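Just the one chain here, the form predicted on its own, laid out as structure tokens.
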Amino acid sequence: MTASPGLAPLEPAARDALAELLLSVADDEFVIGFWDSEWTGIAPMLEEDVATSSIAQDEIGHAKALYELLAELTDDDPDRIAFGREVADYRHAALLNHARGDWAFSVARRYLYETADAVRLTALASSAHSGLAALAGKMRREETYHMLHADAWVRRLADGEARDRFVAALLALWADAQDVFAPLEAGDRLVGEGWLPQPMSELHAAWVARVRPILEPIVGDLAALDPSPDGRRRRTDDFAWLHGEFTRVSGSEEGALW
């Protein structure tokens, strides 16, 4: 088992706990990056075509770095982790199971995800795992621009002709958005080791406190919901379609070097 420079190898249970955390964050970034890349060439305006493509590329780049950290931990191959798993083996949050939808839907999902990811990355930047902490800090700086972009579109849609569609999308996604903070099987171990500095339940509460004052003036009262225990294991036909798209090239010649 490989360890990061300067770090002692982990015993199997600890390794598996850390791997679960890394995979959940990596899959979130990977899947939302591919969903948003579907807007390339068809965004509502040229500026958004460029901006959304850039954001999608950032997210996939973040996923790549996380997969590399995971591969180092588990003696695996990052490309195999990214492209070589079956649909049921991905661990992204249920929020990312949905198809691209229209622009209002994509903005609603982007805002819900970016705000949740910001809370999570703030915690991970203080992780006791030095490699994860450094990567989370780098991601936070880049994600700042994603958040500014999402904020601008929330205001624009809330005050525009697409308000009703935007409200409907936020309400439709609200329950699944909680699952960015779905409990991890090894959550207690992760917190005990300091790799996840706060329990998911605390991060969830911080996220809800952040988004309610922004969203409720737009959509009305939001239901008080908890993350689902299986919020990172449920998969849909929409995700199965996306999986077929992003594995098409790698699956065309198994074992090839790209």
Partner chain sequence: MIAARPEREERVWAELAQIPDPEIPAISVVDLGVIGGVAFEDDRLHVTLLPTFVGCPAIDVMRHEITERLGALDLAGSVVVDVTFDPPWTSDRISQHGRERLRRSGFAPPAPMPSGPVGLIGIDDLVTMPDAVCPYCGSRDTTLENPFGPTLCRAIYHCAACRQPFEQFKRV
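Residue numbers count along the first chain shown, from 1. In this text the structure is predicted, and so the values were computed from the model without any measurement.
Note that the form predicted in complex with its partner chain isn't included here; everything after this is about it.
Contact with its partner chain in the predicted bound form, judged by any heavy atom within 4.5 Å, is made by just one of 188, 89, 77, 142: 142. Interface residue among 100, 138, 85, 163, judged by heavy atoms within 4.5 Å of its partner chain in the predicted bound form: 138. In the predicted bound form, its partner chain sits beyond 4.5 Å of every heavy atom of residue 197. Interface residue remark: residue 148 is counted as part of the site for its partner chain in the predicted bound form, having a heavy atom within 4.5 Å. For the chain shown alone, residue 57 is a contact residue for its partner chain in the predicted bound form, at least one non-hydrogen atom being within 4.5 angstroms.
In the predicted bound form, residue 221 stays away from its partner chain, with no heavy atom inside 4.5 Å.
Residues 65, 118 and 122 are all found to lie within 4.5 Å of its partner chain in the predicted bound form, as judged by heavy atom distances. Heavy atoms within 4.5 Å of its partner chain in the predicted bound form belong, among the stretches 163-171, 179-187, 130-138, 100-108, to residues of 130-138. In the predicted bound form, the residues of 26-50 lying within 4.5 Å of its partner chain by at least one heavy atom are, in order, 47, 50.
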